[in-house]
Each structure stands twice: as structure tokens, then as C-alpha cells.
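Shown next as C-alpha cells: one chain only, the form predicted on its own.
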């Protein structure tokens, strides 16, 4: 039995830069038709020149693959309507990070003053540029996302015409917030559909499953699975695949991020098949995103999978993937 997916999209992807970019970009461009590219490089992508140069490096890394990198800027409250309009043909979204909350986010926001944010967010709404948000406070690690819900509510209320994407949601509270506001949407990762905190730290610490937001409780995972498996129209797949070299993961300062790009479609297919929801996979990995991001053009691309064992490589370059060395049920052919 073969399964064909049309123009799969990854709506939250880290490609890094330089040698890492050359290693990981082809693993996404092989399987996906496009992806929203995160801007938290060092220094961050926060200018027209930086955005265009990064896009050029990505296109060089993917070669002849049919793949569109959907580019983003690192949020600044000083972006003007004129500046954003000048990037209309290149800019798909803007990513907002609270300061210091995750990898390379030190230049993010330290506060959420509506008056300070209004000029940029109003301009984004008018230009149909979605705001992608890493939604965590700096509180107790298990409560950070739930505590951020009030900020989502503030943003959604004050900017009702702005599309707001709650990135990589991990909690039941975030799922419940989705339907409270017309302009709130969300991405869900592969790993948060599979693991809980127990998988990360319940036995021997598993550094390659450590990420931010951290995996939560079983009831949170079940809430995520429910909306993903039913392809709720306000959710879409975003891997948050976040590669780090092995030495940065396997040390006392373990970097946050799970590398899932090479196995994402195979494992999602298995998950949806196991739960008898395969008919909803196409919407979750492409259809919903195209309805939410009305400012993207999606290339035509078909990916075919079959139920054939695939042994996940132990390492890609310097990056260890999720399920490294293990056998998964589906292969891309």
C-alpha cells in the first residue's frame, strides 16, 4: 500500500546557517514543498539585506529540489509600514520571541506594551503578514506556555485583524484558547504529538528529546493529538525541527531542540494510520496551512510513502535525529 501526500508544508523550521544549513536544508527540501524559515540566526534576520542574503544561501543549499523557503523577520517594534511593504514579495511572516526565552532570542521583546507594538502590528495586519509567536513567559518551566495565554488573549483582542500563530503549542490550555479568538491559529510539532516530559527526564535524561517549549503531561499530549488527528482547521504542522551539533546536545548545557526533519512525514503517516485518521493527514500537513497563510504560493510536489521499514541514520553530519538508529514503519519512495 502506498500513500501520496501533495505539497507537504513545514510551517516552522530551523535551518541554521553555514555548514549546518548545507547538511539539514536538503533533508527538508527533499520531502517538503516549502517551509516557514525561522530568523533566529546570530545575528538575527532583521533587515531586508539579511533576509535576501539568507534566502539566497538556502536556495544554494537545496540545489534543484522543488522547495520554497518562506522567509521571516525577527520581530522589532520599530518596523514601519513602508519598510514592510518594500518586502511584500519576499516576507511571509514575522517571528516574535520573548527576550532570552529560547535559542538565540536575546534580542527579543522584554515587554508587551500595546502602544509600543501597535504601529508595527497594525501595519502587519493591513499588509496580511502573520505574526508567529514563541509563547512562553520566564516563569516555572512547566507553566510558561499556560502563563502566556493571557498575552495571546491581549494580542488577539487588541489586533483583531492580525493573524496570530501560536507556535509549537504543547498544552491543553493553548488548544482550548484556539477557538476563543477568530484570529488565533497554531502549529504543532511531531515530537509534541509523541512524547511527554517522562520521555525526556523520567528515566535516564534524553538530551535529544529536550526542547523548548519542554514536553508536558499526557493530558496535554492528548489534547494536541485530538486537534491534529482531526485536522482542526486552525492547526497545521510545524516541525520546529531544530538541529544542534552532537557536542552541543550531549553536554551539561544541553541545547534545546529536537531534529525531526528526516523522519517527519514517515512518522506522521504512521501516527495518523494507527489512529484511523489518515484521511486528515493531507489537511494537517498542507491544506490548513494554505488556508491560513493566504499570502503564500505553494509549488506542486508529490511525496509517496509505503509501509516499508526504514532504519533512521544514527547521525546526519554532526546532528543526531529523533529515533536515531531505530526502525520506523514507513519509508519515502
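Remember, it's a predicted structure, so these values are computed and weren't measured experimentally. Numbering follows the first chain given and starts at 1.
The same protein has a further form, the form predicted in complex with a small molecule, not shown here; the description that follows concerns it.
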- Task: Tell me the stretch among 200-208, 106-114, 74-82, 237-245 that has any heavy atom within 4.5 angstroms of the small molecule in the predicted bound form.
- Result: 237-245
- Query: Heavy atom to heavy atom, is residue 212 within 4.5 Å of the small molecule in the predicted bound form?
  - Reply: yes
- Query: Would residue 257 count as a contact of the small molecule in the predicted bound form, using a 4.5 angstroms cut-off between non-hydrogen atoms?
  - Reply: yes
- With the partner left out of view, is residue 216 within 4.5 angstroms of the small molecule in the predicted bound form by any non-hydrogen atom? no
- Query: Looking in the predicted bound form, any heavy atom of residue 40 within 4.5 Å of the small molecule?
  - Reply: yes
- Note which of 120, 196, 102, 183 lies within 4.5 Å of the small molecule in the predicted bound form, where distance is taken over heavy atoms; exactly one does. 102
